[in-house]
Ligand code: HEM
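Given next, in structure tokens, is a single chain: the form predicted on its own.
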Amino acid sequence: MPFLTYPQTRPWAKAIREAVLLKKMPPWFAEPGYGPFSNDRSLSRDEIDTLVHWADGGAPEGNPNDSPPLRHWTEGWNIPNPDVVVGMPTAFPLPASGDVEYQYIVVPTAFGKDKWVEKAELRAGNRAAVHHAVVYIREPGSAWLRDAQPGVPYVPPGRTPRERLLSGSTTSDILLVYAPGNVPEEWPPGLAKLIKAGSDLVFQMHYTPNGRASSDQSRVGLVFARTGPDRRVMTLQLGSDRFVIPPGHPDYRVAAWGTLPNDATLLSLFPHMHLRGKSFEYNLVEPGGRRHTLLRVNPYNFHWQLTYRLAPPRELKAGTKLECVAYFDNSRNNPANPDPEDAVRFGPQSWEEMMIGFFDVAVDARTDKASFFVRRSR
């Protein structure tokens, strides 16, 4: 519903009051006391009180002469006009119902020289059917998806959807993730992602049929840095694919951890679960076992998957232990639960589960991902 004018907004006064008191709107799920985060969109106490008092007072219009100018919304790209647009060459047909396997579409960039990307945005061709998308950077010489033909949708081999998803996994860097509620990637000056000359972009597409046959042809827009950056941004992840959530369990814990192989600057955090996701946290674990929580997303909301950008970024030394902890509600008390009688395992579809903690780090611009993971004796 639009809230551009008073007549449009007045009928929703009670719903607005409830949404801001329960902190459902604006969508921001980081527990207070952690961070801070540069993209915090939550309302202050004074802002909440203002809206509540307005609704309780009968939602008066006020003086129309004091109204601010009408908001003009961006049409087309949210980033500046892209230098290059790379997209799926043909539309992918979607059925009206059923599960659709993850589709991998390899799209050559034909870049003759290295490109540093400072802004990137994926525009879904069919927002009603694109559940999420991950765009990977496949560098020249990579053996990943070697059997996939450029531009032709591909499903990795495997006997089950889980096996096919795992066989399609990669160490290639992620350019960006598109999910409900997320915004385009825009890295500050001096930071950028690298697409090497001759690289391909691989669109990993997860579709959800919505009752009618349709199609999708998604694309990504890129804005290049005008000068070489000081630091390179890489997307890393921690996760688990070996868990079984018991039927009816209201608070099942799954954890994953790793140590940083080299010094890096932690920029942002992006947790990912499915419909049984309850909460998700990132912790730094000190040598004695003491935990320092960077972010606790509580409640986790599958329909608003947000990136949380640290302000300021945090410097981490090699050997730092980072832990991700997820809690799942597989009980009847979870209204989004597809089936509380089912034991739930890792899998690609929304009625299965995932536990992945993505995070962006900045490293020296001359460092590639393979060399970053070489642990050096100290």
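Residue numbers run from 1 along the displayed sequence. Because the structure is a prediction, the values reported are computed rather than measured.
This protein has a second form, the form predicted in complex with this ligand, left out of what is shown; the following refers to that one.
For this session: Using a 4.5 Å heavy atom cut-off, indicate which stretch of 22-30, 311-319, 331-339, 349-357 touches this ligand in the model of the complex.
Result: Partner-contacting stretch among the options: 22-30.
For this session: Answer yes if any heavy atom of Ala370 is within 4.5 Å of a heavy atom of this ligand in the model of the complex; otherwise answer no.
Result: So Ala370 does not count as contacting this ligand.
Exercise. Taking the shortest heavy atom distance, is Arg41 within 4.5 Å of this ligand in the model of the complex?
Worked result: Yes, contact at 4.5 Å.
Exercise. Is Pro250 close enough to this ligand in the model of the complex to count, meaning some heavy atom within 4.5 Å?
Worked result: Pro250: no contact with this ligand in the model of the complex.
Exercise. Could you tell me if Tyr6 has a non-hydrogen atom within 4.5 Å of this ligand in the model of the complex?
Worked result: Looking in the model of the complex, residue contacts with this ligand do not include Tyr6, since no heavy atom lies within 4.5 Å.
Exercise. Would Pro95, Tyr154 and Ala213 all count as contacting this ligand in the model of the complex, using a 4.5 Å heavy atom cut-off?
Worked result: No, the candidate spot makes no contact with this ligand.
Exercise. Considering this ligand in the model of the complex, which of Gly190, Pro82, Gly181, Gly239 comes within 4.5 Å of it through any heavy atom?
Worked result: Comparing distances to this ligand in the model of the complex, the residue within 4.5 Å is Gly181.
Exercise. Which one of Phe243, Trp304, Phe111, Trp257 is close to this ligand in the model of the complex, taking close to mean a heavy atom within 4.5 Å?
Worked result: Looking at Phe243, Trp304, Phe111, Trp257 one by one, just Trp304 meets the 4.5 Å heavy-atom criterion.
Exercise. If you look in the model of the complex, which residues in 1-24 sit within 4.5 Å of this ligand (heavy atoms)?
Worked result: Heavy-atom contacts to this ligand in the model of the complex: Met1, Phe3, Trp12, Ala15, Ile16, Ala19, Val20.
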